[in-house]
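Next comes just one chain, in structure tokens: the form predicted on its own.
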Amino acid sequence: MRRSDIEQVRSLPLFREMTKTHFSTLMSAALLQKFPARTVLIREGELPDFLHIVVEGTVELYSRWEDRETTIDIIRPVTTFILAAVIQDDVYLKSARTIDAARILMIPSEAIRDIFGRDAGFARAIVSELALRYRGIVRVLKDRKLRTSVERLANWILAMDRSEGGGGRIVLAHDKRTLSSRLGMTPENLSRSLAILGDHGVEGTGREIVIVDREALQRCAKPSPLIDG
């Protein structure tokens, strides 16, 4: 594993406060692997063997029921998934696959649980991480249940723009079908919503979305700190 990879992992809030010895123990047990696009990494219903950390690439968390499938989240570097199942030693409630070529660091679940019981700083970080994930789920539920599809898309565009530096230009890392599933709408509804946002300061061509009037978009989105953070 490259030193830069180890430093990236060490800088994550989950590992930042743990002792150097315990961090070294986890890294010595870890595996760093490359996966091509569309590789299934974990399947819902299976027990977790590893805690996964996305070092490079993009990973989609999704779930299936009978003939239906939905995107739950899109994970980008450097981020862990799925911590709750690892700590509980319980089955995954969602599956994961790479969207593009990715490098994934995998730490054995038993090693995570062992250090969790012996390193107070690591234990506090895990509790904080799980609390943040829970609050994130509540925000997503409020976004889905309280907003129209146009408002959801408008707020997603604003959030993505903030995460990419506020330049007003977003290039989708995945197709619009995946985005529509992530936002809880059909591809047709996504297209209609994007067309409506054309009257509210947004232009979209292919995988590129451009904010041409930020104030108009914000008036449409009506962002809330109790939903969007």
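Values in this document were obtained by computation on a predicted structure and should not be read as measured data. Each residue number is its position in the shown sequence, starting from 1. Just so we're on the same page, rigid core means the largest C-alpha set that superposes within 1.5 Å between forms.
Form predicted together with the DNA: not shown, discussed below.
- Judged against the DNA in the predicted bound form with a 4.5 angstroms heavy atom cut-off, the residues Ser149, Arg177 and Arg192 are in contact without exception.
- Of the candidate stretches 40-48, 162-170, 180-188, 53-61, only 180-188 has residues whose heavy atoms lie within 4.5 Å of the DNA in the predicted bound form.
- After superposing the rigid core, the C-alpha of Gly198 moves by less than 2 Å between the shown form and the other one.
- Annotation: Cα of Arg16 displaced by less than 2 Å between the shown form and the other one, core superposition.
- Taking 2 Å as the criterion, Thr186 counts as shifted between the shown form and the other one: its C-alpha moves by at least this amount when the rigid core is aligned.
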